[in-house]
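Taking the form predicted alone, here's one chain by itself in structure tokens.
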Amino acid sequence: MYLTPGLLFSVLGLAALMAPLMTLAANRIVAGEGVMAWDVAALPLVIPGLVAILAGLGLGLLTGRPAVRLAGGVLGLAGLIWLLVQGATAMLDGAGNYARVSPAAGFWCLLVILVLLIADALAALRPRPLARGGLLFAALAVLALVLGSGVLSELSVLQEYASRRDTFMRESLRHLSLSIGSLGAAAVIGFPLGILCHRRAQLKGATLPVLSFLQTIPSLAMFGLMIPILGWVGSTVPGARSIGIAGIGFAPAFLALVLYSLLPVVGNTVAGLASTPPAALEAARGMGMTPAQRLWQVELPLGLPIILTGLRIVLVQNIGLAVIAGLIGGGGFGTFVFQGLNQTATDLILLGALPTVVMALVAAIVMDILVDLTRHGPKDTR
């Protein structure tokens, strides 16, 4: 029997409702006690949220109506946030000055299920690139509105944020510098190298295996290898330490991310240039174009979607890998993750993990939109 995605999401959603939705702990470190969805607040306050979640899962069953399924996913998310808001206030009432309330397994499972329901509905609707960009902007605006309104300020993870606001902003910029900066450096190195590899088969045969080998080194080992190398450079090369090159810190993390980025950039540049139809190249030659003109006016424009796909891989990969930079003093959201692990503070871990996930999702969607814009052309962007 074929199980439709809507039926699967509904079954999983009902199962997730049977798990604790939130936890109440005596302080930020000890494990909390799970609380079911219908117990997080007074029943009259809980019913609207439960009804919205159940209605959203029910609308998700309408396989042939993707727009209705999309509305169902949004309705379910609204109900889930409603329960979180009501529970964050009610559960802390009389619980003590150090008590903490957090989302539990049921919340995270429902969140993933409803997001997958929305993604499945959007895949069926196939919105055009600019429409997807508008939906992404709307989703981020709603998220910013909810977080900025303070209705969730009682949650433990947001209390961790409130006590570290300045540090969080600094590490956010550091994380962006690591992930986007390493992408830019890899592009500056990888694009010319990819073009040369496309032109010279011998160089391609020597370069790609080396870059593939670098990609196979485990991330933690790669970061570790950078420590003695850059430590030696910082201690022996005059002026190196004054510009930040040392065994620990930003420099080894940045260099490791650049090395990881080179294979997707070079490989996709070669693949993109090689994807040019022979007929297009023959037509360009017939028009008297020089090799440089064919490269910039024919090969690069036609291969741009594949090249951008390589950049998408690098950006999403580096946003995730930059978390490990926190282990070697590189900063970023990994600082909170590893501090939380050392203190057994789950919400401090989430303070670093959740922004990383959101940033990676946004980067993936934006890059997918750019790929589609270059692939389909202006007529499909309305």
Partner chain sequence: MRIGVILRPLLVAILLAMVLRPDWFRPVFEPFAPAGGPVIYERASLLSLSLSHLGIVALASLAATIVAVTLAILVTRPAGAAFRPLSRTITNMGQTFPPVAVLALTVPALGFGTGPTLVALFLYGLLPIFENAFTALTTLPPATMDAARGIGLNRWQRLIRVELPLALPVTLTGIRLSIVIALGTATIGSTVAARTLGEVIIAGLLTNNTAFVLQGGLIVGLFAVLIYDALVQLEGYLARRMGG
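Positions refer to the first chain, counted from 1. These figures come from a predicted structure and were not determined experimentally.
Separately, the form predicted in complex with the partner chain exists; it is not shown, and the next lines address it.
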Counting non-hydrogen atoms within 4.5 angstroms of the partner chain in the model of the complex, say which of L50, V337, L70, V35 makes the cut. V337
From the list G96, G148, P228, G239, which entry has a heavy atom within 4.5 Å of the partner chain in the model of the complex? P228
Contact of D120 with the partner chain in the model of the complex (heavy atom, 4.5 Å): yes
The partner chain contact in the model of the complex: L14, any heavy atom under 4.5 Å: no
Partner proximity in the model of the complex: A353 to the partner chain, non-hydrogen atom cutoff 4.5 Å: yes
State yes or no: in the model of the complex, is some non-hydrogen atom of S163 no more than 4.5 angstroms from a non-hydrogen atom of the partner chain? no
Only one of these stretches, 322 to 330, 23 to 31, 50 to 58, 37 to 45, has heavy atoms within 4.5 Å of the partner chain in the model of the complex; which one is it? 322 to 330
Three-residue site F9, V316 and T344 fully in contact with the partner chain in the model of the complex at 4.5 Å by heavy atom: yes
